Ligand SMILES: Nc1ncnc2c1ncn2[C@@H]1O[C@H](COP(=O)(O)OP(=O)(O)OP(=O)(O)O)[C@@H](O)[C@H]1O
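Single chain ahead, by itself, as structure tokens, in the form predicted on its own.
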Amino acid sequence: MAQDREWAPQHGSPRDRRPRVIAIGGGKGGIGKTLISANLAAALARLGSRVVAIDTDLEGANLHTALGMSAPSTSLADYVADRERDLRRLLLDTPVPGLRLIAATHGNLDSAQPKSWSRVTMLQQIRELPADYAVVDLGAGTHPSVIDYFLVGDVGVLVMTPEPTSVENAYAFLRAAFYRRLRHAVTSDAVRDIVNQAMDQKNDRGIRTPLDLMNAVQQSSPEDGERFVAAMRSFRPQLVVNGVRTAQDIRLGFTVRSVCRKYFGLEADYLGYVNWDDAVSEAVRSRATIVESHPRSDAAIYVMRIARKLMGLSNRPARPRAASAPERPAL
């Protein structure tokens, strides 16, 4: 466990500033979500920020491994089991300067995720961690806890690969996240019932897309219709394509963004891509992040570029702590 010590800001940020929460999901396992989480966290730290990486996948935790650490004896599982109520006491130092970790090892498989009320408290504590950024690595699937973590983030990053199964799961994840956001936005029980029915894609109302749902909500309650539109506009996921090999793979992000706009009525941003790189496999086998072990590899360069874009989203300029690899042309 990390000692209780002052963790000084790296670039002059005030001590009481709340961390910007970056939630990284994908809906499907095996897409490199944890790899992206670990390397984005390391990249943000490399750029001079105080970063906490948080593994919320209590059923398949391996963020600590991606960061080159052995399984710790204390983790988020202790918080879920009420053995520890202060997340700060779960902070662990990592091999990456400026980056600390809350691991998720030794989870109780009978009750792997905190209850809804406990998630609220936990998310409040995440907001109070001594950091500039909290990078939250989500589990696979669309469990309510996974979706809640994604929705409360200041930035929700959706990772996918250029494979049909991954793209299908990405759309399913976005749909589940969006509908859950709407259920929290509306106030009328009748409208909430409409949203619940719409979550069944074969519903009798004929609601197949968020745009169909918006029309149904507006007809039922103009007031909730305004909340619905506000929720749609505020939901802006960031897309990352991992394992890119071809120009067509690169275009996937633009295609998904267009589909979100046309069929979902949602605005998504293409944050960037990470190309297929043998250096990634080498870094994984050596239990190290690619940005630290192979900083001049193509994959590391693209991860650093995404990290800089994330810092731009928060309007927080940072000064690099060390020389980094040269930039590639922007998308």
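In this text, residue numbers run from 1 along the sequence as written. Remember, predicted model here, so these are calculated numbers, not experimental data.
Heads up, the form predicted together with the ligand isn't pictured, but that's what we're talking about next.
With the ligand omitted here, the record of contacts in the predicted complex names 239-247 of 192-200, 239-247, 78-86, 225-233, defined by a heavy atom within 4.5 Å. Only one of the listed residues (A134, A140, L90, M122) places a non-hydrogen atom within 4.5 angstroms of the ligand in the predicted complex, and that residue is A140. Remark: R305 does not count among the residues lining the ligand in the predicted complex, judged by a heavy atom distance of 4.5 Å or less. Residue contact check for N275: one or more of its heavy atoms lie within 4.5 Å of the ligand in the predicted complex. With a 4.5 Å cutoff on heavy atoms, G29 counts as touching the ligand in the predicted complex. Although the partner is absent from this view, T56 stays clear of the ligand in the predicted complex, with no non-hydrogen atom inside 4.5 angstroms.
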